[in-house]
Each structure stands twice: as structure tokens, then as C-alpha cells.
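Next up is one chain by itself, shown in C-alpha cells, the form predicted alone.
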């Protein structure tokens, strides 16, 4: 059974109807670790050693966040800068994350139509996410297309529940997926 690390980065969770509902649909399972970065590091002082250990203990790494200025919130970007070190996550001898799954769980205030070539934002969320995909490739990880929920500011409660159930199913499917990872805690 695969082990999932949910790296959650939402600076104002109390204002998010969608993320609060998603969190209620995380399966209660020993193989899923929920890790709230803003709760753990409100001062942005990241414990790099602890974060590396968490990464090594899991097969699938899911980055869950609201789309802020076409990317992730500041703390998640800061986390990547510190934790995904050369010589550990990538580069010569940097194989700690090889074979692990990388997937983003993204919520967007804008509609699906707004994130199209002819839409208001001129690019798709997938196109805006190329830097995540490239980072995953650099770390020799298995990048998966993002799970995206659009138009979050206007969603009806029933639609939010439906999206949360899709999210729950995604997590359940990842739990049963066989992931090949050659790394151990000795790589820290």
C-alpha cells in the first residue's frame, strides 16, 4: 500500500469553504499523513531535516493549495527552495525522491473558461504549472496532472461536496497504487 503525504499550504484556511470541505474528505487511514505547512511554520522557519524525513517516508507527495498569482502560496515556494536541495533531491547523487509521485491539488477562484487560451488568463492551469512539472522531473519524480477545482468563489455547497468526493476517491486510488521507490531514511 502506498503512503501519501499531503503537504497543505493555505494561508487563510478559515476563509476557504472548498478546502475545509476537502479536508473533511481525507480518508482516515494510517498511510495518509496530513501536514499543514502554515500551521507548522507560521514563522516560515522550516525544519528541513524533518521535512526531508517526511518525504522519504512517503510514496506519493501531494501539494494542496489555492492558486495564488498563478502559482503556490509563498510558504510552499519557500519550502521547495529549502527542502529540495541539490545533492539530495536532484543533481549528482540527488536521488532521494526518485520514483515518488508528485501531484498538485489546486483550487482556483477563476472559472475553467478563464484558464483557457482564449480566456481571461490566456493559459491553462497546467501551463501555469510547468515549473512544478519541471521541478518534479528534475527530482526524477513521477509528475501527475493536477487535480483542479475551478470557480471556487461561486460554487454551490452541493458542487463543493461533489468535488470533495472526487478528491476522496483520488486519495483512495493513490493508496492502492503500487509505487516503486528505492529510497530509505538513510538518504537524509
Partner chain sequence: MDQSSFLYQALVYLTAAVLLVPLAKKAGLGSVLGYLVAGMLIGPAFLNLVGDSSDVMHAAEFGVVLMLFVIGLELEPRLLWKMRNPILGLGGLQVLCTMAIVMVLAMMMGYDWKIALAIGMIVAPSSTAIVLQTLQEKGLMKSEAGQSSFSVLLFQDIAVIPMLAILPLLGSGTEAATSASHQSASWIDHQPAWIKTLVVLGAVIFIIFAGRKLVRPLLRMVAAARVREVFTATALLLVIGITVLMTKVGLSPALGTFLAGVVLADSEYRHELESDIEPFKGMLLGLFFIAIGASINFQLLVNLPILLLGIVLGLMIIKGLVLFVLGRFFRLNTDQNLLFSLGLCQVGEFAFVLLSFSRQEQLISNEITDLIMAAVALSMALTPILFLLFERVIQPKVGTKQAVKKAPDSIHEKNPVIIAGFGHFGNTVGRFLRANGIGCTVLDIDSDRVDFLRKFGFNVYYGDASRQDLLHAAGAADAKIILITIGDPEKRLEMIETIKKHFPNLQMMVRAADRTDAYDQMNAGMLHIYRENLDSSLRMGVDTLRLMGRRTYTSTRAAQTFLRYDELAMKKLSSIRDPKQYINTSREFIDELERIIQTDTHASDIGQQKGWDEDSLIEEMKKEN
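Positions refer to the first chain, counted from 1. For clarity, every value in this text was computed on a predicted model and none was experimentally measured.
Omitted from view is the form predicted together with the partner chain, to which the following refers.
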Open item on the list: Given that the partner chain is not shown alongside this chain, does residue 82 nevertheless sit within 4.5 Å of it in the model of the complex, heavy atom to heavy atom?
Closed with: yes
Task: Residue contact check: residue 156 to the partner chain in the model of the complex, 4.5 Å heavy atom - done: no
TODO: Spell out, yes or no, whether the shortest heavy atom distance between residue 44 and the partner chain in the model of the complex is within 4.5 Å.
DONE: yes
Open item on the list: I'd like to know whether residue 102 contacts the partner chain in the model of the complex, with contact meaning heavy atoms within 4.5 angstroms.
Closed with: no
Open item on the list: Between the partner chain and 48, 86 and 92, in the model of the complex, does every residue show a non-hydrogen atom at 4.5 Å or closer?
Closed with: yes
TODO: Determine which one of 143-151, 36-44, 54-62, 117-125 lies within 4.5 Å of the partner chain in the model of the complex, judging by heavy atom distances; exactly one does.
DONE: 36-44
